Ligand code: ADP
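Single chain ahead, written as structure tokens, the form predicted on its own.
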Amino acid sequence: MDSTVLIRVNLDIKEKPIAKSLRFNAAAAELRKISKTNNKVVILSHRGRPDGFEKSLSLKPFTPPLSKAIGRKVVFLDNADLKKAAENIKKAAKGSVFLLENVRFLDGETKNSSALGRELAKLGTEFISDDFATSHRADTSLSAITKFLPSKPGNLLKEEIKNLSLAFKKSKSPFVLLIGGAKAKDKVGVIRNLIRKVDLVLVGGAAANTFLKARGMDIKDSLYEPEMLDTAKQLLKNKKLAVPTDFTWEEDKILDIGPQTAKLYSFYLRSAKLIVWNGPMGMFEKKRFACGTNAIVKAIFSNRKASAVIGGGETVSALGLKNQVQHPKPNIFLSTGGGAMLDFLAGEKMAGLEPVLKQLKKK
């Protein structure tokens, strides 16, 4: 019987060109490896949050760049009729590579449907889970499918777990946790879970505004989260947590950390041995408000003694980080996960990750 590998990767990519995306390159690396064998390969992935079929979210446009990236023709496969898809795969020659249409077009994908999991499993003989960015969700093509096929994690998944787990081991000190981005609510779980292990928590971006407001500062019309003020007040009691002391304003809104804060944060980062960063320091998309984020990038990249784990879509897209995708530094790991990275660091249950790891432990 021919061996057919189903592999779940992440092609939920908005960047253009596609081939320069961190997620695309991560997926392509694993696909190059497994497509070198005579196994047939079926790529499973999603794009966006469609409600049924939506042409604009089809995975068909990914067929040419994937073919080029892995050096083998990738055949697009419609998923409207999974029985027919299974027949086409079975008839194909050894070594054939298929890209199945967006699995979120299928009814039950986001409901962790056992019925759908069983049907998807009929497309192959084994399953590789390599989509860390979606691993915090209970999707059928990540979780339920593992009930019906021998399953294992791919290399990307293993690397994500290995590098993010550094935050729990605290094998290196000083350990600096750098938190930015738009919402404090998304990051509070990480701070709470790691604050005993870190030496310092540096907060920036709009997330810092909530802490500043809780401290009693007049942040004028700056973005903040009223429902998080009590939580912020509690966290501010811990001396490990640092917030900005100066800012770059536009009219009545804080849109970046100020030069003194950038200088201070950079000092801490240059002397750190372990750095975990999620979220930019300001509205980096505009040059005037990119200074704080640029200073952070420079400080981290100049610290060759530190192990740095950086994640979050905006963070990876921040000015200066794009070169890291094409020319990675050995001491810097870029996570493909945003919400998944935060959930993992917060110690939350990872519904799409646990089933495949459970199978791995049994072996």
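In this text the structure is predicted, and so the values were computed from the model without any measurement. From 1 onward, residues are counted along the sequence shown.
Keep in mind that the form predicted in complex with ligand ADP is missing from the display, and what follows is about it.
Each of 206, 223 and 279 places at least one heavy atom within 4.5 Å of ligand ADP in the model of the complex.
When you look in the model of the complex, the only residue of 236, 217, 182, 264 with a non-hydrogen atom within 4.5 Å of ligand ADP is 182.
Contact with ligand ADP in the model of the complex, defined as a heavy atom within 4.5 Å, holds for exactly one of 190, 255, 291, 74, namely 255. For the chain shown alone, residue 284 is a contact residue for ligand ADP in the model of the complex, at least one non-hydrogen atom being within 4.5 angstroms. Of the heavy atoms in residue 65, none are within 4.5 Å of ligand ADP in the model of the complex.
Residue contact with ligand ADP in the model of the complex: residue 315 places a heavy atom within 4.5 Å of it. Considering ligand ADP in the model of the complex, the lone stretch of 139 to 147, 192 to 200, 271 to 279, 81 to 89 in range is 271 to 279 [heavy atom distance within 4.5 Å].
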